[in-house]
Ligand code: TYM
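The chain below stands alone and is given as structure tokens, in the form predicted alone.
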Amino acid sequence: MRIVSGIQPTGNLHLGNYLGAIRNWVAMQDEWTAKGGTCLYFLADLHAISMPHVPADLAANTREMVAALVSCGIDPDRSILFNQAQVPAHAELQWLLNGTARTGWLNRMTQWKDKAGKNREGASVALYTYPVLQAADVLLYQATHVPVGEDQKQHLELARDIAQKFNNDFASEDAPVFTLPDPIIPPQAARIMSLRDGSAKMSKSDPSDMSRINLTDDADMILQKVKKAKTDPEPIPSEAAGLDGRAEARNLVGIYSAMSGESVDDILARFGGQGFGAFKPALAELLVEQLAPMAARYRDLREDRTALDAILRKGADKARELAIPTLNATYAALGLVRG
């Protein structure tokens, strides 16, 4: 069993990033390694250059993401944690698979249409072939399973199509070059909204730092932000239907549910009828209890460039070793002569 998943390196990580992706990675690591499986988690820095970017920011964000992942529970001794740029086989295999992928398949990719917008002529080739690199990312390691959300199902289907066509065209049925990966649908992540506007997602791009709980926030800052989070004057309802039309109330209750593991119904049964003056301290205490230890480690680790680079090198060494057999088999299947 081998699971492969990637995440684009972004800076200023917040509670939404943790609950939306990082926590699921930690849970998969704990579950899969206990069964003898292998988890490969990579920072998708090659994907990041498909859009305009600032090189210095990309390098800094890559290291910052490693610090966040390790601080939140990814163990480099149990999982293989690396960035794509240190494993050239990702780019090599993408090029080899470009001969199998079809433009008609890529034209149908909804993310290409969304990200390119109306100016498709001005979009990069890297953005257009982004799904082929995604296919290479998972096929390179003979992934058996890939976690996918709703927005990535189409890309995994493309990876399977590319693998199947390559196997049909260049390999025998008894000895396929690529494993066709199956999807894993992670538990639905909580949709974390801004603390200042319950209709907008929590985001690092929001100009107000009070709109988000950063992974670098200490206990005092978390308490302050929760205390000042926008609410309405009505008391907390006793059942979920009472949250309809109350975006800020729904968001705070949802955060409590996501962090505690309790159902919304159970939370409302306990706090129903009370005002947010009673609920906010309980929410802040819960956040501090769970986030403060991670935040402290994150603040220390993100400043230790030597340690972060060592983690990436260690993971890249393991990833390159795993990639060699698949890459060699692909070259051989295509009839490419190598010294």
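Position 1 is the first residue in the sequence shown; the rest follow in order. Because the structure is a prediction, the values reported are computed rather than measured. Heads up, when I say rigid core I mean the largest set of C-alphas that superpose within 1.5 Å between the two forms.
Below, we refer to the form predicted together with the named molecule, which is not included among the displayed structures.
Three-residue candidate spot G6, V146 and I192; every residue lies within 4.5 angstroms of the named molecule in the model of the complex by at least one non-hydrogen atom. Checking R78, R120, K204, R108 against the named molecule in the model of the complex, a heavy atom within 4.5 Å turns up for just one residue: K204.
In summary, among the residues A284, A44, L301, I311, the only one with a non-hydrogen atom within 4.5 Å of the named molecule in the model of the complex is A44.
The named molecule in the model of the complex comes within 4.5 Å of a heavy atom belonging to G16. At a distance threshold of 4.5 angstroms between non-hydrogen atoms, N98 is out of contact with the named molecule in the model of the complex. The closest heavy atom approach of G315 to the named molecule in the model of the complex falls outside 4.5 Å. The named molecule is not shown here, and in the model of the complex it never comes within 4.5 Å of any heavy atom of Y256. The partner is not drawn, yet in the model of the complex one stretch among 217-225, 237-245, 194-202, 174-182 has residues with heavy atoms inside 4.5 Å of the named molecule: 194-202.
Shown in the overlay between the shown form and the other one, fitted on the rigid core, is a CA shift at K201 of 2 Å or greater. With the core held fixed, the Cα of G11 is displaced between the shown form and the other one by 2 Å or more.
After superposing the rigid core, the C-alpha of G315 moves by less than 2 Å between the shown form and the other one.
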